[in-house]
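One chain comes next, on its own, written as C-alpha cells: the form predicted on its own.
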Amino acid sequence: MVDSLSLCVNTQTPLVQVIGTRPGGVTRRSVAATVRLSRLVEGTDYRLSPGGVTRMIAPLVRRLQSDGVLDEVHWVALNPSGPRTIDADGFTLHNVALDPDRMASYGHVKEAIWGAVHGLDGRGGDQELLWTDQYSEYAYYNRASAEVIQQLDRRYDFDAFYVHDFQQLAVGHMLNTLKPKIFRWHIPFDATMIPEEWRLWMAAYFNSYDVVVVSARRYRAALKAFGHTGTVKQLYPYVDPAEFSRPPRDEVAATLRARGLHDEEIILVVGRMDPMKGQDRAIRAFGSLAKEFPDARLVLVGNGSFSGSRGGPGLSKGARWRSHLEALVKKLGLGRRVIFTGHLPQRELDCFYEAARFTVLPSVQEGFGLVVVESWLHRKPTIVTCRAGIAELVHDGRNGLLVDPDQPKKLAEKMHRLLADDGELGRRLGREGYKASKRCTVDAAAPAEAKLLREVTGG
C-alpha cells in the first residue's frame, strides 16, 4: 500500500472569510490560538469564499483524504482579518496578513497583471512594472507566503506544495526547497498578451515549478510557445455536484417572490462584478429584445471578488463596475427589467438556476467558466463566450450555444433563439450539457490529481 502524502496548498483567496457580525466574534486580534471552524456559525461568524478556486480545492482535498491519497493538509492564504489558524475539520487553514499600505500596493500589481493577461489594458500592461515600488510589495507578499509555508514545512515535512493562481506565481521561486512544487494557473494564458518586458521574470517564475497545470488545451500550447521548458499538464477545473441542489417548485417560487419576481422568463448571468465578465454585453443584447419579450427579466448575480472585500486588498473595481452597469441599464430604459441580486447563498442561487429559462456567460476573457458547469448540473441551456476555456467542451447547437462577446447582435440572436424556443431546443441543450458536466466534477478530477501528486513525489 502506498503511503498517504502530506501537502501544503497556497492560494490568495482564503477558504473562510471572517464576517464578524456577532459581538465579540472571531478576529485576528482577538484570537491567537487555533479556531475550530465547527464552532463558528456560517453566515454570522464567517462565510465560505465564492469563486472557482476555493470551491475546487476544498472538495478535492476531502476526496483525496477519503481515498487515502492525502493525510496531513495545510492551506496558506491571504486573510488579514481572520485568526492565524483555523481547524477546518480535516485540514488546517493558515492566514497571512499584510498591513493596509502593503495590501494596496500588492493589489495594484495584481490588477496590472490581471488586466494585461485578460487584454483589458489597452496599453498592453505596465511595461516598467518590475521596477515600481508597488512591485516590491507584491514580492513582499509572495515572500511572506513562502516564509509561512517554509515554517510549516519544518514542522510537518510536506511531500509536495500545490500553489494556485497568478497572484502566487512568485511563491515557488521563493521557496528554498528541492521538494516537488506544482503550480495551477487558473486564468487565461495567451503569450501575445504578455508585455515583452515581463517575459523573462514570468518565465523564471514558471520554471521554478516541477509541473504547471492549466485549464484548457490552448493554454497548454500557449505556455509552451511562451518558452516554458518544464512539464505542463491540462486538467479541467471541477465542482462537487453534492454542493448543488434541486429545490422544489414552492421554494423556488418563494425565493423569486422575495426578489419581486413571479412568472417572468429569467435570463441568468452569474459572475462577480468585473469588466472582464462582460455583463454589459448581456445588458445591451437584452435591451434589443426587451420590447419583443416583455415578460423577460435579466438577472445578474454576483458581487466583487475577495480582492474587493474588506478582508482582502480592498479594490473598488466591483463597486465601480456595478455603478457603470446600473447607469447603462438606466440609459437603455430597462428600469426594473434588469435585476442585480448581489451575492447569493448557494441554496438561493440554486433556486435561480432552477427558475432560469437559460443562462449566459458573456465574458470578454474567461480562464474556464465553472458557472457553465453549474448551469449544466441544473440541466439548463447556456450561451457561452467562445473566449472561455470551457468553450472547448461546448459543441454549438448540441450542448450549448457559442458566441463572440464582441458581436452583440450575435449574442442577441442566440438569446432570441432560446426565448422564442418552444422548449425542445432548451431541453436538448440542457440534457446534453448535463452529460458534458461529468467531465468537470470532483469525481472526474480526483484520479487525475492523485496521479499528478504521485508522479511528482515518486509515489
Partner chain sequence: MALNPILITLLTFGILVALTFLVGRLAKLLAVRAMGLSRPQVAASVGVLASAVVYLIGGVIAIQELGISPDILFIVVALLGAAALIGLREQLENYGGKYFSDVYSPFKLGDSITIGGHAGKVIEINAMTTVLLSDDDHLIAIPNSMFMKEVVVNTTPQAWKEVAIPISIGANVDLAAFEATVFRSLAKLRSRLDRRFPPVITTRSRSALSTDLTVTVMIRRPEDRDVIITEVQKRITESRGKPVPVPATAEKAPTTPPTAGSSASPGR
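Bear in mind that the values here come from a model prediction, so they are computed numbers and not experimental data. Residue numbers count along the first chain shown, from 1.
Below: the form predicted in complex with its partner chain, not depicted.
Think of it this way: in the predicted complex, its partner chain has a heavy atom of just one of N303, Q365, Q150, T255 within 4.5 Å, and the residue is Q150.
Among the residues E197, E251, E243, D71, the one placing a heavy atom within 4.5 Å of its partner chain in the predicted complex is E197. Contact here is defined as any heavy atom lying within 4.5 Å of its partner chain in the predicted complex, and by that definition each of L98, Y135 and Y205 is a contact residue.
Stretch 83-91 is the contacting one of 83-91, 186-194, 157-165, 217-225, since its residues have non-hydrogen atoms within 4.5 Å of its partner chain in the predicted complex. Contact annotation: A112 falls outside 4.5 Å of its partner chain in the predicted complex, judged by heavy atom distances. Shown alone here, T229 lies farther than 4.5 Å from its partner chain in the predicted complex, counting heavy atoms only. Taking the partner from the other structure, its partner chain in the predicted complex has a heavy atom within 4.5 Å of a heavy atom of A144. Shown alone here, D263 lies farther than 4.5 Å from its partner chain in the predicted complex, counting heavy atoms only.
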